[in-house]
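Next up is one chain by itself, shown in structure tokens, the form predicted on its own.
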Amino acid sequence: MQTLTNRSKPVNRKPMTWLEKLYVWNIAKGMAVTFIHIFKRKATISYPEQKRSFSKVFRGLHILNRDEEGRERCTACGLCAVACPAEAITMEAAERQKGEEHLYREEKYAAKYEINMLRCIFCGLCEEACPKDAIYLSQTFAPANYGRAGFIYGKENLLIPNPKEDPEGFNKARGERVMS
């Protein structure tokens, strides 16, 4: 019989000896592997005490951005929802009323903006599609939750803190990103 890899071995059909029936050699090999791994560096970390460092290109939790005056950048154009291959983003647009110029940057804004994190594949296409730099993926990973409803993040969960009211929270949420 010819194989492509030449790795096949013929099966040994001879009966086992009484020493092989005791399985002592196999147990000794297994114990040796266990003993060697005792002295190796552990792959796990103690999570609450130690934090894992992520690379600069890590795509984590979504953030809805504000400008320097605290106004929302999102204009509800829907390009992020169209670009999302998992269809995880839903939004509803609304018109800005008189007196709301300090809240919204453009005439149109997202009245409802939701991301279903159970569907999201963290591909970053929503971030690339946004012409206003209104959404980006942060260096924070999504926390665990007990119910499915807890993974649907609304606008209030995604919006970055207001830089005028909470500059420290704004800078912390922004991270190392340079905003235009």
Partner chain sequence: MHLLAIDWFLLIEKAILILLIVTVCLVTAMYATWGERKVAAIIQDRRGPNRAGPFGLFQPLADGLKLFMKEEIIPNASVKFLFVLGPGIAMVTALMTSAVIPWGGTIHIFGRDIALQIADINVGILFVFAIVSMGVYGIMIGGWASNNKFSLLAAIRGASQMISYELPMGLALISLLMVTGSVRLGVFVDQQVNGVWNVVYQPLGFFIFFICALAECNRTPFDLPEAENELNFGYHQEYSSMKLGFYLFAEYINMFISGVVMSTLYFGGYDIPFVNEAAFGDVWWIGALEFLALMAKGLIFVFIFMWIRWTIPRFRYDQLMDLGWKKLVPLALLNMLITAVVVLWRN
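Owing to the predicted nature of the structure, the values given are computational and were not obtained by experimental measurement. Numbering follows the first chain given and starts at 1.
If you look for the form predicted in complex with the partner chain, you will not find it shown, but the lines that follow are about it.
With the partner chain omitted here, the record of contacts in the predicted complex names 35-43 of 119-127, 35-43, 134-142, 61-69, defined by a heavy atom within 4.5 Å. The closest non-hydrogen atom of S53 lies beyond 4.5 Å of the partner chain in the predicted complex. Heavy atoms of R13 never reach within 4.5 Å of the partner chain in the predicted complex, leaving it off the interface. Remark: K9 does not count among the residues lining the partner chain in the predicted complex, judged by a heavy atom distance of 4.5 Å or less.
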